[in-house]
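Next up: just one chain, as structure tokens, the form predicted alone.
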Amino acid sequence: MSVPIQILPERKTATPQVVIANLVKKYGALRALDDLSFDVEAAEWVALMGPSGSGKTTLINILGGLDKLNSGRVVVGGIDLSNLSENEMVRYRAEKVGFVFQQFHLVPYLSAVENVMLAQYFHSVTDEKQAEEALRRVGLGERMTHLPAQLSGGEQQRVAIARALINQPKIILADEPTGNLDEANEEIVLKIFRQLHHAGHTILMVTHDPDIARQADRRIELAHGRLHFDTAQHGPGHPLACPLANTADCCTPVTTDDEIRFDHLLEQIWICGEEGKPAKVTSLHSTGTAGSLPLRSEEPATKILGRMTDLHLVDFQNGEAQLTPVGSRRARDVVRRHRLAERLFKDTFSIDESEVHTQACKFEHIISPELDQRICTFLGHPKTCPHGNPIPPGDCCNGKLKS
């Protein structure tokens, strides 16, 4: 499935695409947003997080021109929203931003293609063929004439995405876009957002899901209408709700469980490459024989792969996971450690071949680079594991590979 990708200008610009400065929004005595300030660069994907009532949806509504600020500045694509008349605000909403909400907001008596064309109507242009193409690109080519009631939740959300993108906005505002979806449809919708991000669209997405937030470039947390946390200051791998945030004792970014699962998935992708097979995301699995993982309950591989993209270990293309240069080096080291451990257990400890793989899965995570080289040297720099699979050579080998 492809999406309506509009290639936008080069990402880096001298001026941020969104500038929020000392923003205040009040509802009576309540300050929904209280002196909020931050910038968003062009083509950046920002996850907005925080407890209910922290101001996330209010911020999205102001950025989208659905609500007005009381004081401060909000500049989007060079347009100062505080200075717009009502007619100018209507035009801004039609031309500059695309909305995707948790509730799909489809007109129940209009077909899928007519719901997409409705966005064109507000732009004073209607083009049925363009609307049909937008639906094809989100995988709904066979559902164009269906009414919302005849579509699944995931299909309705894809109609909403096609509608949001039909006028080619530079900024996409999404408020809990997967909140009403099951896991399978959530992944389909997130894949569309990943492709839009890679194509250069700026995305601000409200979410309560930490796994979705990890797929974004940046995470901003609000609390009581104020900026509570920003990974632009602390790094994208910083754990959610860290109790030591903004202190010198800030905790570590990745759990041991995550590291084990990362290695497990990297190893699978590497082996797919060795065998000349595509590493289809749907065929990868996040658990194996690496021992118990007590800190995090079992998760779908797709969610863990999302975190791995944040760390630039993998990329995705057409439903396949591909190793980045960083990921490839790490995968190579994991495979080397695993196969050396297999050779050690088989040749030195005479462990039965049926047990060799299981024991090596546990051992591969605790072998240091120094121990890796000592084992390799002790074994005489073997070329293959007991199953005949190649062992990537290490620095210790120096061309002295032995069978």
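This is a predicted model, so every value here is computed, not measured. In this text, the rigid core denotes the largest set of C-alpha atoms whose superposition between the two forms falls within 1.5 Å. Note that residue numbering follows the sequence shown and begins at 1.
The discussion below concerns the form predicted together with a small molecule, not included here.
When contacts are judged by a 4.5 Å heavy atom cut-off, residue 57 counts as touching the small molecule in the predicted complex. With a 4.5 Å cutoff on heavy atoms, residue 367 does not count as touching the small molecule in the predicted complex; it lies far away.
Taking the partner from the other structure, the small molecule in the predicted complex has no heavy atom within 4.5 Å of any heavy atom of residue 280. Mapping the unseen interface onto this chain, residue 27 counts among the residues with a heavy atom inside 4.5 Å of the small molecule in the predicted complex. Taking a 4.5 Å heavy atom cutoff to the small molecule in the predicted complex, the contact residue among 32, 36, 376, 341 is 32. Residue in contact with the small molecule in the predicted complex (any heavy atom within 4.5 Å), chosen from 129, 105, 312, 329: 329.
In the core-superposed comparison between the shown form and the other one, residue 373 has its Cα shifted by at least 2 Å. Relative to this form, the distance between the C-alpha atoms of residue 326 and residue 220 is reduced by at least 3 angstroms in the predicted complex.
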